[in-house]
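Next up: a single chain in C-alpha cells, the form predicted on its own.
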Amino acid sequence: MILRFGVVGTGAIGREHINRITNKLSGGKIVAVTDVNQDSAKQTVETYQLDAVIYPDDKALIADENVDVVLVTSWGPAHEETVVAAVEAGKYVFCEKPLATTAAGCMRIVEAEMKQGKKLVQVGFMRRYDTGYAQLKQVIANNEIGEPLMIHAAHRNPTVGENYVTETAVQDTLIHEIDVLHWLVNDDYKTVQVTFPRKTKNAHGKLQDPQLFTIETIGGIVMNVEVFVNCKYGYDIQCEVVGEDGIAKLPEFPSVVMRKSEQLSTNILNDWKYRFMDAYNVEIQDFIDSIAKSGEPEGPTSWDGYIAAVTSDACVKAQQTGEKEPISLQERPAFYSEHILQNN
C-alpha cells in the first residue's frame, strides 16, 4: 500500500517532509502540492523532481481523489481550516504544530474527526519519537524509579531573532515540553505559574529571557521547565524525572569525548534540526506504517493538540498575570480514551 500525500505549504518544514517521504522513507509518495506562493510550489516540484499536481489552494488539493493524506505544513493560523476540510472529506491528516491556534479551533477538529467515526489526524509532536524520550518513557512505564514526583526540564537555544517575543517562548518553544511531559507521565495538567528571573543582556527589548514555568498535574507532579533562548552556548534539551525510588534523566545527544590539551570535552549542537532529525524520520514512517497496519494513525491525536492549545493559553496568561493560572480541560471523549489505552 502506497499512501499518496498532498502537501499544503512548501516552506522549510514542508520541503523537509517532502524530501524524507520521497528519498528516505517507504510507503509514501507525494502526488500533489499547494502553497499561497505558487512559485514556491513550482520550485519544490522541480527541486525534488516530483510527479505531482500543483494546486491553486488547499480546497482543490483536498478534492483530489488521488490524495489519501493531507500533510499540513503551512502557516500556523491556516491549519484549522485546512484540517477541518480534510477530515470532513475523509482524508488522513498529518499536521505540524499547532493543530489550531485556539482551543476552540482544536475542538472543531476533534468534533469533525469523531463524526467520521475513526481517527484520521496526527499532530507533529516529534519528541515522542526521539530515542532518548522513548527510553525515559519506558523507565517510567516500567515503574523503575517508582511514582514520578517532580520533573526538571530545560529548553535552551543559542539565540533567537527580533520577531521572537515573550509569548513566543510558549507558542513555539515550551509547546514541545507541554506535549512530551504530558505523554511521559500520562497525567493532565492542573495549574501553571511563570517566574521571570533576571533578564539576560543578550535578549532584545520585547523578550523576557529566561523564563521558568512551574506546572502542576492533577496527580500532584510538579514540573519546573526553564526556557532560555539566548543561552549562547548551543541547543540543549534537558529532562530529569525524580521518582520515589530513583532519578531518570534524558540521555545526552551522542558526541565523541575528546581528551586533548589538558581538557576533557564533548560537542554541543547549535541547531534543533540535527538534534531531532532521526525523530522526524521515525515519526513520519510510523504514521505511514500505522495507517497501513490498522487503518488509523497511532501517534499524537487531535485531543493531544487540544491539550497543548489549552495549556499554551494558560501559560501565556500566567506570563501576563504572574499568578498561578488554572489549566481547565474538557472531559476526554471515550473516542480518544481508547487511544490512550492502546498506546500507553
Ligand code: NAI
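Here, rigid core means the biggest group of C-alpha atoms that superpose within 1.5 Å across both forms. Remember, it's a predicted structure, so these values are computed and weren't measured experimentally. The numbering used is simple: start at 1 and walk along the sequence shown.
The same protein also has a form predicted together with this ligand, omitted here; what follows describes it.
Participant: Which of 76, 220, 197, 90 has a heavy atom within 4.5 Å of this ligand in the model of the complex?
Facilitator: Checked against the cut-off, the match is 76.
Participant: Since the chain is shown here on its own, which stretch among 183-191, 245-253, 120-128, 198-206 would lie within 4.5 Å of this ligand in the model of the complex, judged by heavy atoms?
Facilitator: Only one stretch passes the 4.5 Å heavy-atom test: 120-128.
Participant: Would residue 48 count as touching this ligand in the model of the complex under a 4.5 Å heavy atom rule?
Facilitator: Although this ligand is absent here, residue 48 would stay clear of it in the model of the complex, with no heavy atoms inside 4.5 Å.
Participant: In the model of the complex, does residue 137 come within 4.5 Å of this ligand, counting heavy atoms only?
Facilitator: Answer no; every heavy atom of residue 137 is more than 4.5 Å from this ligand in the model of the complex.
Participant: Considering non-hydrogen atoms and a 4.5 Å limit, does this ligand approach residue 25 in the model of the complex?
Facilitator: So residue 25 does not count as contacting this ligand.
Participant: Can you tell me whether residue 152 touches this ligand? I mean in the model of the complex, with a 4.5 angstroms heavy atom cut-off.
Facilitator: Outside the cut-off, so no.
Participant: Mind listing which residues of 242-275 have a heavy atom within 4.5 Å of this ligand in the model of the complex?
Facilitator: The one in contact is 272.
Participant: Is residue 285 displaced by at least 2 Å at its C-alpha between the shown form and the other one when the rigid core is overlaid?
Facilitator: No.
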